[in-house]
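Presented below, as structure tokens, is a lone chain in the form predicted alone.
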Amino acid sequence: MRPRIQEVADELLDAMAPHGHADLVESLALPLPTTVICDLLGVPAEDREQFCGWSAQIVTAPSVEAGAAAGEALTGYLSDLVDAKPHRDAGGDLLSALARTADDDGDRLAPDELLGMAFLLLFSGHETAINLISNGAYALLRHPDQLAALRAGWTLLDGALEEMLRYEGPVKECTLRFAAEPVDIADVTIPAGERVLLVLAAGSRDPRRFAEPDRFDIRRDARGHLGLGHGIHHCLGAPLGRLEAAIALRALFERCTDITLDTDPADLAWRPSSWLRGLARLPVRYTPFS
């Protein structure tokens, strides 16, 4: 998927180039993963704006009712999309492939299983990538020495992405866990059946694991961070998100050589979500580029 992601990133930057100012969320971080995940799932071009509007509403809805309404609308849309897959000619998208795939005994994914997979792919390959790109750009803009080091040696990019995931990861909290039996942690007993909310962002700033955890350092060995979960719950979309962020951030900072924040950091708003960590807007200014 690398050539397609590069193509989308270049098109988005071409559109930004002549203006001299932009909101990086609206201009790059949001549309790039949106285009890629819709390509992947086989969402028709004419439906993409509405499709991703529902997704955003689920994450940042102003009320429980609004989030539920968006979830119901997206469920209905995905159900229709999944239902149509087996009846279409062999499509090149992932849902079509999953609809056609059978195991050695001829067993196929049921429609509700395909629907669950579509939801999983949507959120793991879309919402987290938006935040990774915008949070990563923000961290670099706030730390010009680190940005200069990265521009001087793009071999640092892979490590820089891990530090972005550790320092300002796209997911603050994981979904609820339940204790299957009593568990003792740090002199506290969690009773069987009790709900547990794990704060991934806190784990990634644990001073027992990372020296000076509040310092952003792209040369740090950031392995072991929890920016994309852990173990069997590690994000399914992690390789795709890393690839999108690597391509987007390198293309941005190579072409846009004097880019700076166009607002006081204290005035930036974060998306109103209890479990995702991402900027609502990221205004920047730069000299128009080619």
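On a predicted model such as this, the values are computed, not experimentally measured, just so you know. The first residue of the shown sequence is 1; numbering continues from there.
There is another form of the same protein, the form predicted together with ligand HEM; it is not shown, and what comes next is about it.
Among heavy atoms of Pro170, some come within 4.5 Å of ligand HEM in the model of the complex. Among residues of the shown chain, Arg48 is not one whose heavy atoms approach ligand HEM to within 4.5 Å in the model of the complex.
Among residues of the shown chain, Leu240 is one whose heavy atoms approach ligand HEM to within 4.5 Å in the model of the complex. In the model of the complex, none of the heavy atoms of Ile218 sits within 4.5 Å of a heavy atom of ligand HEM.
Using a 4.5 angstroms heavy atom cutoff to ligand HEM in the model of the complex, all of Ile37, Leu120 and Leu228 count as contacting.
With the partner omitted here, the residue from Gln146, Ser124, Ser204, Ser96 that has a non-hydrogen atom within 4.5 angstroms of ligand HEM in the model of the complex is Ser124. Residue in contact with ligand HEM in the model of the complex (any heavy atom within 4.5 Å), chosen from Ala222, Ala246, Ala56, Leu236: Leu236. Comparing 206-214, 186-194, 72-80, 172-180 against ligand HEM in the model of the complex, the single stretch with non-hydrogen atoms within 4.5 angstroms of it is 172-180.
Residues Ser124, Gly125, Thr128, Ala129, Leu132 are the ones in 123-141 with at least one heavy atom within 4.5 Å of ligand HEM in the model of the complex, listed in sequence order.
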